[in-house]
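The chain that follows stands alone, in the form predicted alone, written as structure tokens.
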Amino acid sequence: MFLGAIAFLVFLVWRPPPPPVVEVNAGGFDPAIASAILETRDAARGAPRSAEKRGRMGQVLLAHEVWAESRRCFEQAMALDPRELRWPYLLGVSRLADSPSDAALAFERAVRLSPERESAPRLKLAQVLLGLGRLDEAESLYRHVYAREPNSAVALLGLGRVAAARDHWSVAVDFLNAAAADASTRKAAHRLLLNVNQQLGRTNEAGRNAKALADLPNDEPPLDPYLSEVERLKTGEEAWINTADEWIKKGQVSEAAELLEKTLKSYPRSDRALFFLGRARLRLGDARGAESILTQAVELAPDSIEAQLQLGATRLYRGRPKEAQACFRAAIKAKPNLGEAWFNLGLSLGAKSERPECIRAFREAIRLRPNLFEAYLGLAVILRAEGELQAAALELRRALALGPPDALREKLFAHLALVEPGSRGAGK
């Protein structure tokens, strides 16, 4: 027992001191971000041998793209706790942009520390290795994940990319078709399928891929347990607005409005916070309040296209097309090739004296966005009102040709009575 106490005393005396806490100049940051950085720095100083405190400081810095200092924090956390896989994983993330080879080394360490069924480190490492041209190693990692998770869209996409890099086009098609069914990899898979089908001479399939790409939303990244923790640490004006935007998209509109009101208390001249709050208020049924808020946004940022469009749409919704026109014209002046603005301008030009300009607006919207069904319909309605029945019928047929007919489109076609006897839709 006495010898054990002596050994412990020797350990305390001779063990090396912890590395000094990373210094960060918080000047110039958003005040909320600066406060978060300084808070984690002080916590690390208060527990100099805590890997968790060093790692948390690195996470906050990574969340706000303070790359060099975040890397140093993760390196210190790794030294203090060599068995925790979060720190090499996040070190790898912080090195992706400037040094993929160093990122690969960090991810390799994370993989060695992770259980067999842990997919995130393996998928990250495979992605980096693929970019470095180390195809065999990347394929091995993707197959490791695929064997345990046959429905892993990221693994399927990765295997498709490996096959395409080797010019194994038919093999690539099978993996990419499977990946194209998942929202997290759909667009990336279609983009590569377009190239693969062109290489195989499958022009029809390539054409369908090209058409799908034009309409597909951006891929939704799959949940990453380590980066999700970092995302939750984001703070300040931009982070709060982005969170509110995501909540609006998910239907959590009341929560988004509450967060945006909080944001405006700290940043009262934030035109983007006002813009998103106006959108939220409109979705909550408060069109009058939305218009007032959006008017403030436009006053603060008259060059904001999104604010002008939203204010115009709100005024149009409230039955004030003349006032809406000014917003749409401002958006067009700032960005003449914006099909959405031309379409909305067409909707706001309903008076008989405005019909020629209305027709021009709808035609410009169609030129810029050939797949916008509603623009063809609006143009058909105005042409019919002008007595140009044949031209109106043509535009509605072009709308119907955009995709498979549905009950609403066929009903509109018949209701407007725009077809000649014997044409599709006649007599319905």
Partner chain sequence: MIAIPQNSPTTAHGSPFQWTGVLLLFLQLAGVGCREQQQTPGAPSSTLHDQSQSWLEDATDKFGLSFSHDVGQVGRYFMPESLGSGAAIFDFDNDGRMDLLLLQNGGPESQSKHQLFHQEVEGQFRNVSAGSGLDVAGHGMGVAIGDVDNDGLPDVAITEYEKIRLFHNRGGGRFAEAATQSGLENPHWGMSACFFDYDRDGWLDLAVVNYIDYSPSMKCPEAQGTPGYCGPSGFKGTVPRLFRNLGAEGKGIRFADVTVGAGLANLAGPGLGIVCADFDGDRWPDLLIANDGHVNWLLVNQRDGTFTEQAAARGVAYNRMGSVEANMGVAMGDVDADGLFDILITHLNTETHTLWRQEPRGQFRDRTAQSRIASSNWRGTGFGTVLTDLNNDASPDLVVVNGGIKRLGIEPAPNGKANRDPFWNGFEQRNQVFANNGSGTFEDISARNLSFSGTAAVSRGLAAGDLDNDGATDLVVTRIAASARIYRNVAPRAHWLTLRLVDPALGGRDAYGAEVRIVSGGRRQTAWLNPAYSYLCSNDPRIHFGLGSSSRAESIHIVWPNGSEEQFDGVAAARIITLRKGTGRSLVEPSAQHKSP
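What you are looking at is a predicted structure, and each value in this text was computed from that prediction instead of being measured. Residue numbers count along the first chain shown, from 1.
FYI, the form predicted together with the partner chain isn't displayed, but the following is about it.
Heavy atoms within 4.5 Å of the partner chain in the predicted bound form are found in exactly one of 125-133, 148-156, 251-259, 82-90, that being 125-133. The contact residue chosen from Ala36, Ala51, Ala393, Ile382 relative to the partner chain in the predicted bound form is Ile382, the criterion being a non-hydrogen atom within 4.5 angstroms. Interface residue among Leu192, Leu141, Ile293, Ala172, judged by heavy atoms within 4.5 Å of the partner chain in the predicted bound form: Leu192. Using a 4.5 Å cutoff between non-hydrogen atoms, Leu368 counts as a contact of the partner chain in the predicted bound form. The partner chain is not drawn, but in the predicted bound form it has a heavy atom within 4.5 Å of Gln198. Interface residue remark: Thr243 is not counted as part of the site for the partner chain in the predicted bound form, having no heavy atom within 4.5 Å. None of the heavy atoms of Glu108 is located within 4.5 Å of the partner chain in the predicted bound form. Residues of 16-33 lying near the partner chain in the predicted bound form, listed in sequence order, are Gly28, Phe29, Asp30, Ile33, the criterion being any heavy atom within 4.5 Å.
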